Each structure stands twice: as C-alpha cells, then as structure tokens.
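Read the single chain below, which is given as structure tokens and is the form predicted on its own.
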C-alpha cells in the first residue's frame, strides 16, 4: 500500500544535484584529481580510409615525462569490442576506417607533455578510396568493403550492417496501389546530428592492489562498459570495477565506449592513475552520432482521406563500426509508418558500413528519421486532398486496440487524436506586429538584419510514436538495493543502483519512490557503481520505468519485511497497514508504532530486479512480432517566422502534448518534454555534422550550431496521465518522444510559411532563398 508524501510520487522536489550544478559546484568527471596521476591522450588519424604501413613510437617514448606509449600490439587481451558486434579495434591496426580513429595512446606527467609526445609518433599511411555513399556501400565488388568479408561476421551482405523488413496486410502490390485514389511520393534526407553534450568524455582509471582496475567514468551504462573493457585488459570482470563520475549530458553518445579502454590500458601499463579528458574537437571524433538517413516513401489514400498503403525504404549510414545500428534499424522499420492505421505496408530499413563517422544511439533512436518523412507525407497528402492536416492525422490515428504493422496490438492508451486536438486548441501567439516591431523578436534578432520586411509566419503540426525500453527479445532488467535503518534517531532509507544519472533526474525520482513506499523523510542515494547488479542503460526512455520499477520492488520488499517484523513482535492481524510519516499506521486502528521503535538496531537491506514483460525479435522477412514493451506518443504545434529574403527562421512557439501515463515528477516531466523538443528544433534548423569525403568539417561549437536560450521559444506543454496497466505506477517513458515530432512540426510550419517543399533537415538558409537544394 502506498501513501502520499509531499516529496513522494506526484511531487516535484528539488533535485539533489540541482543547486550544485547551477552554482558550478558539481564535480564532473573532468574535475577528478589524483596527486599521483598521469594524463592520457590519443593519436588520431587525419584520414578516413587508409592502410597503416608503419607506426614508429621510438621518439615519443624517449620524450621526458612520458611513461608509456601503446599501440595495437601492446593490448594484453582481446583487440576488439562493440555493443552488438565486436568489430571495433581498441587501437587501429592495419587499416583506418574513419577520420579520427585512434592509433596510439600516451601517458605523460602533463597534458602538454602528452601532446608533444604524440607529435613525435610517425605513422606511414597508404591512402585508400573512401566508401561514403549509399551507392558505393551497396556495390562492394566495385568500391570495396569497409570490413573485409572474413572479418567479424560472414559478410555475405557486403557493407550491410543490418536490415529489417516489415510487411503487413497485402503488402504493396499493383492491386493494392489500385485501391488508392491519391498517391503521394517523397524522397527525404536527414543530416548527421550530434548529441552535443557539454561535458566532454572524461574519466580516471586507477590500478588496484589486486591487479585490477577501478574506473571512475561518465557513462550511460556501467555494466556493459565493463563487459567490453575487461576482455581487452585480459582481466576477469570482477577485477574491473566502475563507479559513475559526474556526467555532463549524454543523449546516447555515451552508450558506446570512448576513452574507457585507453585510460585503463595506460593505468595497467604504468601502475599509476591515468586521467583522460577529451578536448571539444576530439569529442566530435570520440563518440557516435545520429545516423544520417535517406528515406523514400510512397503513400496511398482514398479520396476521403483513409490511408490504404505505405511503401517505404529507409537507408541509415552507420559509419565505420556497427555500434547500435541493428537496434536503430529495428526501430526505424517497426515505427516507420507512424502512429497511423495503415492496412497494407511494405517497409525496408537498412544500416550500412561506410568510411563516415560511426553512428549509434541518440535520443529517438531510428524513430526520429522516420518521423520526419512520414509526417511530411501526411502534410503532402492533406494538401492533395484539400484536408486539414490535423484532421487527416486524426482520421487515421491509432488508438488502444489498434494493430501495428508488426502485428502487435497497442494494449495501453494511445490518445493520438486527442493529443493533436489539444495542441491545436492552444491559443496561438499574437501575430507579428510590424508597426511596433521589436527586432529582438524577429529572425536575425539583434543582428539587425531586418525591420520586418520579407517575414512570413507559418504553423505546422506533427505527431510521433516511440517505443520505451529495450525491444526485440532483449532481457531488459534493472537492479535496485534498498536499505532501511535508524540513523540519528530517524528512519533513513538508502537506495543503491547502477543507474547512470546523466541529467534526466533519476536520482530525484528514486528518492520520491522510497519516500512513498517507506513513509520516511530522509533518503540517501548511494553512488552508482558495479557493486550492485546492472541497471541497464540510461537510454530508450527506460530508466524511470526500469530502475524506478526496481526501486519500487525493493522498497516494497523492505516495507513488507518491516511489517512482518511488527506482526511477529506485536501480533498485529490488520490487513490495512501502511507507512506514513515515519510511523506504521492501520487505516482502521490508527498509529501503531513508529518505524524507529519497530526497527531499533535492525537493518533491512534487500535487492530486487525488475524485468518488463518479454518481447520477441521481429521476423526477419515480415517484421511481425511483439517487439516493443510500450509505446509513447507526443504531438507538436510549431509557429515560425521566416525571413524569406535572408533565409532566416525564428521558431516563435513550440507547443507540445504528451501522454506520460503517470507523472512521477511533474516538473521533470515538463523539463524532459521541453528539452527533447529543443533538440528536435535543433535538427530542424541548425544542427548537422558536415562530412565530406569521410572527413568531419565542423568539429567545434563554433561551426556546429546548437540552440541556445535565444533560439528556444516558449513551449507550452499539455501533459496527459493515462495509466499503462503494464508499467510501474502506470508510467510511460517520456524522454525521447518529443524529439521525434518537434522536427517535422517546425519544418511543416516553414513549409506553410514559404510554400517550399523542404525535404531535408536541417533546413539551411540557402534552401529558403532558392540558392541551394531543398
């Protein structure tokens, strides 16, 4: 039995790390220090594809202050690692496959010493033709392989990392096409977006007396890091211990390893603590990005707007190494039709190896790219049918009981039509008043580029569907340990998990759950480490669902054991007991005893795992199967002003409506929705890693633009709480869904303002002024 607590479930208590972060006192992983530490650094390739003929480290080793120089040959254990496919070398050998790949690492007594030593390493390359386009990747006989066919797995599929089909209804045949009165076709492009977390990759590896390594690291998933690190070090997992250090943002970019193995190798070699902190430029080479994509859609509908079929192909550029590409493909394929009932579907999603930067997890995870395309199709279809685009979406929206193209029934609330109604019903911002113009409020703002001439306003809508948690048969679980004892005359709960707090607010929610379930005021959060079982990754909108669920289970177990203690001691026969305000309370008999008196010197310390209901892999040929544990939905309305002469865009407002099942922390829920929406806005109009011939051209926050507070508009949010009976507290994962629909909503608004087709994101000024491709 749960009880209300002001800082429990449904409240919005202060985050324990909040004040420290906004006042600059929070210790991030880059702030760590050890008196005896060395600095690690990596030599990276200036080429995207090359054969390594030789590596000469002799001069670097002699440099004063250098303790170690290591190459591929110095790795004591396995040479390769990877999230799903172990195809990535810890240090390059034989070949370079992407611009910025690490070749050698150095440990020195000062960062400048390390830099000078790196400059003395001589690498002889034989440049190879780069494989960077879809056409080149799909024709290895002509253009070659990124990985030769005898490496890692049987490459009968050439440069294809993974592919997934989804076929439902009758598929898409000539007969099916003939059933449609209107057919809309479109080709779309999504650029390579970066997670752009502000805290660079960093951590410290400390050699231990038992021959193992203690690693303090900013990551998203402690246990899967360890699974990949230990074999490379040639150590059993129990000798590699990880503790979470302060994380300055993640968004999927820390799900893959970056400097972890390099720091550990250098610590193992030198016997000293080794700290590595990436520079901002190195960070762009050191983590995976969002998959750029080419999408081809054909949508057929009847004259009255009912969808008949969708035929689609999504090609994702996975870059040099697989990372999370197989799972990204699964999401793109299974969610690529959107939150719509479509009786006949033919979908193919594929990820390719190339000599471009590696791509993997990023907020939205394959569903973002698809949402841009299927929502553009809906707008085109509405225009062709002369229908309101919102009404067309509502007419075809899924609802509870609908069957997805994968054959999976949506067995929890799916208020897609209502979400659209709600954002449409919100009051619109006041029209732009050019007679009393404040230039700070128009495109170009303080640049003083315009005084209102050439500015037009547009309004656009979009809605998306995202899965929550790990899918396709993955044994997704999380572990939590909860301890209850009396300290200083008060009952105190301690929560210990391996959950990575990356800014999502999980540590706040864990405290709320413990207070709710145990009726205590004081809750401490144990540092996240590998001393407790895995919490899985802080990704896939899953942590509140999974680790929150584990904390709930563990707290319930502690509560039950406490009440059993009372029943045994006092002979209670009540069935209406709960813990409220530090006391054991019977609904019928009132307060029975304080928790302090009941516990005494007893300590209750229990650990529980939370598994969500099982899923299954999608059928390879048809995509059929119960692949996702939960769906989540968000709708957006964007209002934009566009300076059509200068190609400048100002997003005036970005309104959202989202069903969250149950808002465990309402303030954090709104923050997640606004943050995800802002990241989608960035993809719509500014964020893109520019890659040419495999080389990154803008690895800095000078040239890679992200929204600042000046670019972020008012974001009214409507939150629905329609419980999912399968989830803890009825909650629904929140973090990713708003990133999907915000991008197409902004672009739809720009289209409405300008009348331009705009089939790629981000939209650039040249696309609006007619001086570049659109």
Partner chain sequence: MRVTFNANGREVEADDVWEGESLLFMLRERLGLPGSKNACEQGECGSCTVYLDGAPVCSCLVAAGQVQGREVRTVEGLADPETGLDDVQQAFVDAGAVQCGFCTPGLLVQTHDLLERNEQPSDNDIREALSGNLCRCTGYEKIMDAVRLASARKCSKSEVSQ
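By rigid core we mean the largest C-alpha set that fits within 1.5 Å across both forms. Residue numbers count along the first chain shown, from 1. All of these numbers come straight from a predicted model, not from anything done at the bench.
Although not depicted, the form predicted in complex with its partner chain is the subject of the following passage.
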>> Taking its partner chain as it sits in the model of the complex, is residue 362 near enough to touch it, meaning that at least one heavy atom pair lies within 4.5 angstroms?
In response: yes
> Taking heavy atoms and a 4.5 Å cut-off, does residue 193 contact its partner chain in the model of the complex?
Replying inline: yes
> Counting only non-hydrogen atoms and a 4.5 angstroms cut-off, does residue 573 reach its partner chain in the model of the complex?
Replying inline: no
>> Within 4.5 Å, heavy atoms only: does residue 642 come near its partner chain in the model of the complex?
In response: no
>> Counting heavy atoms only and using a 4.5 Å cut-off, do 76, 285 and 530 all touch its partner chain in the model of the complex?
In response: no
> Heavy atom within 4.5 Å of its partner chain in the model of the complex: which of 110, 567, 122, 697?
Replying inline: 110
> Just one of 693, 409, 441, 605 has a heavy atom within 4.5 Å of its partner chain in the model of the complex. Which one?
Replying inline: 441
> Which of 35-43, 718-726, 63-71, 741-749 has heavy atoms within 4.5 Å of its partner chain in the model of the complex?
Replying inline: 35-43
> From first to last in sequence, which residues of 273-290 have any non-hydrogen atom within 4.5 angstroms of its partner chain in the model of the complex?
Replying inline: 275, 277, 280
>> Quick check on residue 22: with the core superposed, does its CA move 2 angstroms or more between this form and the one not shown?
In response: yes
